[in-house]
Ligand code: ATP
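First comes one chain, alone, set out as structure tokens in the form predicted alone.
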């Protein structure tokens, strides 16, 4: 049940109607309202031409396309992603009723014709759940506070399909996909985002026409694919791309793992393991999910032998290069490409608490960057669970997290002090020697106890006092406190990661 339309949307509708035109909320935002979800985009359709809409909203509108869509600036009201946080205003898109002519290239209409009726406009839309319009009868909401009345225009059974969680095209699916082949990817994306099933005839049409996806610009495919990966059911989305025949044209490298067995460490084929790793990935980050899907992408070409002792030497390093090619082809940003490549290249990192010491952990941190370690561990968890292993985070990984926090923890390092050895030599007039280190250790012990003492002026003044003590006493003063603090913090970190 639709509960409320935001005030800015109502005001735009009212202004258009006051000027003598029809105006409806339309498309995906109506679907979201019916599903009691917060729309992230607001679209209005009208019989007013773009130039007429511009006159209705002088100074607050812009027209920068050839499709009859005018952007109307309104006060911020959309609770959406951070990309909008820097906008002073939100934008409601107002589009003239239109009928799109033939799609010769299956990606864009040869020309756009404006329609006279809402019915004509709705007939050109992709899926029944998106071919809905909503008319507002605002009997005084603005002035008397009464609830708005809503009338839904549903010519194609969209409300019923939403209730039954069905994705179905408006009219003949072959015609809809012939108009814009990207609609096949959109159907799969909605399958992943909403958890809806694709209606039988619609799915059959996708399978029949899957090769048409090759006519679509990679940037558009990438946008839909990224939304699939970031959805609540990314593994279902990618697997549906495979079942519908789309995957072979978008990421053929992933298809090569279908039916290819692994070894004694895996119960699934390469492809199934990749899907399961994505399904079990604990991270919601795009880069980590992509790495989970692609971490074994090079296993088919690196496989040697068959059965339980088959090997895949260097599949991580070869895979990093393959991933770079895939994501570059799909037009992902360089930042995303390099992050996924880094994770895939290092997902086979070795760690055994009895064999790997602090120096090795520091080398791992230096290699991948401290900021990427959590993502690398999430990838390892996805890999383990995707292999059919019941325990996501075994003792080894917990111990690694403990070691990473330990070696990267700077609270017991003289590097945290606001002065250094050069400051002491210059300020105290003393020469290089062990006494400088001893003074810094005492200062560190005091700062560990009271962080507010980590002040340059205080430390220099305190250093002058300590300079009057002999070296043996300075070392005694520092050692006891520092060792006590090390033991206390080490115990705290171990407890955090459940290690002994």
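Positions refer to the first chain, counted from 1. Note that the structure is a prediction, hence the values are computed from the model and not measured.
This protein has a second form, the form predicted in complex with adenosine-5'-triphosphate, left out of what is shown; the following refers to that one.
Not displayed here, adenosine-5'-triphosphate is kept clear of residue 402 by more than 4.5 Å at the level of heavy atoms in the predicted bound form. Using a 4.5 Å cutoff between non-hydrogen atoms, residue 383 does not count as a contact of adenosine-5'-triphosphate in the predicted bound form. Taking non-hydrogen atoms only, residue 124 approaches adenosine-5'-triphosphate to within 4.5 angstroms in the predicted bound form. adenosine-5'-triphosphate in the predicted bound form is not approached by residue 464, whose heavy atoms all lie more than 4.5 angstroms from it.
Though adenosine-5'-triphosphate is absent from this view, in the predicted bound form it lies within 4.5 Å of a heavy atom of just one residue from 190, 294, 312, 225, which is 190.
With the partner removed from view, the residue among 43, 52, 469, 441 that has a non-hydrogen atom within 4.5 Å of adenosine-5'-triphosphate in the predicted bound form turns out to be 43.
Contact annotation for the candidate site: 28, 31 and 180 all lie close to adenosine-5'-triphosphate in the predicted bound form (heavy atom within 4.5 Å).
Across the options 180 to 188, 69 to 77, 263 to 271, 235 to 243, residues that bring heavy atoms within 4.5 Å of adenosine-5'-triphosphate in the predicted bound form belong to 180 to 188.
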